[in-house]
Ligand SMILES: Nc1ncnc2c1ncn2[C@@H]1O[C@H](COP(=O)(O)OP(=O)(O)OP(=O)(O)O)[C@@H](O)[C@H]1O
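This document opens with one chain alone, in structure tokens, the form predicted on its own.
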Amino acid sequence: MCSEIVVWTYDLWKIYKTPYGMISALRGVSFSVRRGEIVGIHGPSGSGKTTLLKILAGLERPDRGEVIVDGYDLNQLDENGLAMLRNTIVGLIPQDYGLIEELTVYENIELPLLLARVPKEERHSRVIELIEYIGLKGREKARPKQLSGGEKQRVAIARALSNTPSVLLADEPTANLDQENAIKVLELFKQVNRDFGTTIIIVSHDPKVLDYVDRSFVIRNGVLREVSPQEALGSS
């Protein structure tokens, strides 16, 4: 495994104003991920997992602290720079899959390539390659409502991979799946990691994830620390 650091944060804080006062979603989060690692971030709902993922994806800015992803200092990027990051460097898989209901499987996967102005022939070959890769050949024209939860998740993974990101971020990827489909999705992450060397960060409260990661972190009340698999299991 390459020892190069691809994700690095230092003293990240994120504070939200609520009707009940100020809430610290992240409290001084510092951690790093090496290129080619699969890392799990575990913790209960409301612990700060999704907030951290959104900051790494450039969807939210920290109130304090530093965050560098694949050499880019996110605090120094404007909105166009953050959009570039999301469309070329970071692939994000939201918990609700984020698929557009009016688009087919093919069109959902193609969308990031359209936004990146990839030529038509290259787009087509890439989309077909990804559909075969995730095992949905023959379902190109299906729409999300015609897919099972496991199939939706695979399409979401393919879409996130369309621009060959160096970092893949997955928010509770097994939360809406039965055990069989959850394992299939986790196996797909391992396959992506092996085939492309993609760095993958999975936030989850699912203990099954522990069998598929190289290192585990636990986040509670916005505080992150690296733990053993046994400790992570106790937090899930």
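All values reported here derive from a predicted model rather than from experimental measurement. Start at 1 with the first residue shown and count on from there.
This protein has a second form, the form predicted together with this ligand, left out of what is shown; the following refers to that one.
query = Of 65-73, 32-40, 180-188, 45-53, which is the one stretch near this ligand in the predicted bound form, taking non-hydrogen atoms within 4.5 angstroms as near?
reply = Of the stretches listed, the one contacting the partner is 45-53.
For Gln95, is any heavy atom within 4.5 Å of this ligand in the predicted bound form, or not? Gln95: contacts this ligand in the predicted bound form.
**Prompt:** Quick one: does His205 come within 4.5 Å of this ligand in the predicted bound form, counting heavy atoms only?
**Reply:** Contact with this ligand, yes.
Counting only non-hydrogen atoms and a 4.5 angstroms cut-off, does Thr18 reach this ligand in the predicted bound form? Within the cut-off, so yes.
* Asked: Any chance Ile23 has a heavy atom within 4.5 Å of this ligand in the predicted bound form?
  -> Answer yes; at least one heavy atom of Ile23 falls within 4.5 Å of this ligand in the predicted bound form.
| field | Residues in 117-131 close to this ligand in the predicted bound form, defined by a heavy atom within 4.5 Å, in order | value | Heavy-atom contacts to this ligand in the predicted bound form: nothing from 117-131.
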